[in-house]
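Here's a solo chain for you in structure tokens, the form predicted alone.
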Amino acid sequence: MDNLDLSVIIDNLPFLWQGLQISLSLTALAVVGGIALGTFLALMRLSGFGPLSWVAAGYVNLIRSVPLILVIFWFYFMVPLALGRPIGSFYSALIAFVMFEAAYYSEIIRAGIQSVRKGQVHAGKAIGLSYWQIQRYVVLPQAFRNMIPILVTQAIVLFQDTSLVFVVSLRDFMTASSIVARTEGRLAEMYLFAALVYFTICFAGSIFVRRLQRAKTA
């Protein structure tokens, strides 16, 4: 440990910060997109209309059966082909994360919706609300309050998974750390620093989740 040179971290902080910004931006956008699409998939599965339910279930089961790194590859090559033009590594990775996370968020959200008491759904029907109105005004607000801790937990997992974007040459925080480690020849310093950053962010997120859980049960 006496040979550690921490100056390499200080000298490369702007470069590393750029990588961390990409990781955090990718996480935040993928969480928003994943929850939005996941909510739609969950409502499709619970709609009672067979074809919609089957399509949503098929999508969820397919995506959850495939490794994330393979999904990233799929969308990195397929999205430009579908659009007829390149869109860059960041947007390809973002689409992949949104589509992948939506499958997991949909199951979380479906469980949250099913946790709302049936009597409130029946009350909504009694006053003439449609299925979608009941979900929007009655069920989803309560379900999301119950789901916040587990949604945040999934976001923490997503932040860790952003390190996989190196496969499409996107310079996230882990990739930036690896570049500095190789070019400066200081692998121990950089990988210890990367581990510390990931630990700090994820540990802070886990503390936030515990506080949410305590507030919910208080």
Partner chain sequence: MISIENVSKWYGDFQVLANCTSKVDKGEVVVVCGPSGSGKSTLIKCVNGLEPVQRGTITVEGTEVTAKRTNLTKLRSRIGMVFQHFELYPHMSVRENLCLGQQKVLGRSRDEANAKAEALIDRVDMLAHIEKFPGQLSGGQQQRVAISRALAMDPIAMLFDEPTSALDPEMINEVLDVMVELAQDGMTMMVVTHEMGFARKVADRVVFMDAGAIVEDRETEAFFGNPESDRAKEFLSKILNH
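Positions refer to the first chain, counted from 1. Small disclaimer: the values here were computed from a predicted structure and weren't measured.
Heads up, the form predicted together with the partner chain isn't pictured, but that's what we're talking about next.
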Report task. Spell it out for me: taking the partner chain in the model of the complex, does every residue among Lys125, Ser130 and Tyr137 have a heavy atom no farther than 4.5 Å from it? Result -> yes
Query raised in the report: Where, among 98-106, 142-150, 72-80, 85-93, do residues come within 4.5 Å of the partner chain in the model of the complex by heavy atom distance?
Result: 142-150
**Report entry** Contact of Gln120 with the partner chain in the model of the complex (heavy atom, 4.5 Å)
**Finding:** yes
